[in-house]
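One chain follows as structure tokens, the form predicted alone.
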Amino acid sequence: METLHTTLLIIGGGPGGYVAGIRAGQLNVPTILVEGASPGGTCLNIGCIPSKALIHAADEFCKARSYAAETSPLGITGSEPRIDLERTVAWKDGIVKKLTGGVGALLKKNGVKLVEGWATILDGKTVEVRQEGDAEASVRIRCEHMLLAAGSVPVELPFMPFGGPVISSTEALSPSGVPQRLVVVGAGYIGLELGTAYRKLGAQVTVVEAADRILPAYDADLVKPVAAALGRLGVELRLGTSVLGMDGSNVRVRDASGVEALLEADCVLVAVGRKPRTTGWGLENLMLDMDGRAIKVDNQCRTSMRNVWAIGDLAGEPMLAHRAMAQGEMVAEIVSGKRRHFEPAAIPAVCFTDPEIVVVGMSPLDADKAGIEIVTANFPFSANGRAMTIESTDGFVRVVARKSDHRIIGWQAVGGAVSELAAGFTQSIELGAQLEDIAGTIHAHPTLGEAVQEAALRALGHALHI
């Protein structure tokens, strides 16, 4: 068996792993990255990118249908539209292929050796990699530093395993057709993003959620515009309802009062979360300290074993690609000899529902629980000219600042295209901005960003347009 030697060995080519590889290569650290599928991991291949592509296609189809129904206030009409789902999926796959190919090119450009295959950990310095479909073709890799970046997998319900009509987000992103009746189990961001897309593509969608409202991880004010939009689309919500399993082709559910019912379904999307990928690749051989399902790490992403690191979803919440990227970059720099710690002031989270939700830093409730006296204000998009021109006036921008010194500690927004405000929100917190800094910054007109300035102005007591 061939044996390779390297300074840094990265297991997993997702956002965290490939960014770590690129940065390590830039710093002249000999690096090998092992990936069993295409570079880019869940995010690029079967997650963030393809889901946003499908959401966009569904939005465009939904708009075209509204024009055919002669309901558009813009005065646009058209003939009855159709969608060729095979072409839609091919377009989505083309985007994925372009991005994953770009990742591979960047790794090569920076001198990172990409080994295609599935790694099995033998010890803290050694892995064995087998090639897909060829048990005889394997290679052993020895390293000084091992970076674990294996990502996560969808949570499977034991009484409703994946297979047949029961699918995960992976299968939902490559549909061969639109089911007539789709039941979505879980009203978190994955379930609602994909459930909304399928509704816009023409499916009858029912969402089942055990909590008493959708998006239970987000505060109620942010969720209201999303719930209203789901109602207008005709998505049926079964809240406070538990799923019991399949009964033939039906989904058996029980509501809060104990009443059971059957929901007809041609397809069932189970979207009840993700869990770190900790089994099937020899991780147990390292006997690392764990934090629940995740690997326990410190603020440098070090595990309990010297020179073994873990990043991204494998290291627990928040399971966000941009968090993994930042951690991967940091680990590469530490391995190269730089001093770094992972201590971000804030990590943005975006829910790509319709309308979108952005959360950065503390909400008013978070601040109250932490005993921080605050000043907070929101500015509605109904008073924003740009929001009116893109027909997206539901929602608002909210700022949260310490009362003592007006230092901004949080931003929240819900509305059309508010994901694009996330960078500015995060940057203001990282730079320690005060309300006066945002209020005194000239914002371009007409843009959604004006609502950011107006929220700060309103918190100071003198909003201009409300």
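All values derive from a computational prediction rather than experimental measurement. Residue indices: 1-based, along the sequence shown.
The same protein also has a form predicted in complex with nicotinamide-adenine-dinucleotide (NAD), omitted here; what follows describes it.
- Although the partner is absent here, P216 lies within 4.5 Å of nicotinamide-adenine-dinucleotide (NAD) in the predicted bound form, judged by heavy atoms.
- Heavy atoms of A377 never reach within 4.5 Å of nicotinamide-adenine-dinucleotide (NAD) in the predicted bound form, leaving it off the interface.
- In the predicted bound form, nicotinamide-adenine-dinucleotide (NAD) sits beyond 4.5 Å of every heavy atom of D354.
- Under a 4.5 angstroms non-hydrogen atom cutoff, nicotinamide-adenine-dinucleotide (NAD) in the predicted bound form has G273 among its neighbouring residues.
- The partner is not drawn, yet in the predicted bound form one stretch among 137-145, 338-346, 287-295, 184-192 has residues with heavy atoms inside 4.5 Å of nicotinamide-adenine-dinucleotide (NAD): 184-192.
- A heavy atom within 4.5 Å of nicotinamide-adenine-dinucleotide (NAD) in the predicted bound form is found for one listed residue only; from L237, A326, C267, V350, this is V350.
- Only one of V89, I334, L320, V96 comes within 4.5 Å of nicotinamide-adenine-dinucleotide (NAD) in the predicted bound form through a heavy atom, and that residue is L320.
- Proximity to nicotinamide-adenine-dinucleotide (NAD) in the predicted bound form holds for all of K52, L157 and V243, with the criterion being a heavy atom within 4.5 Å.
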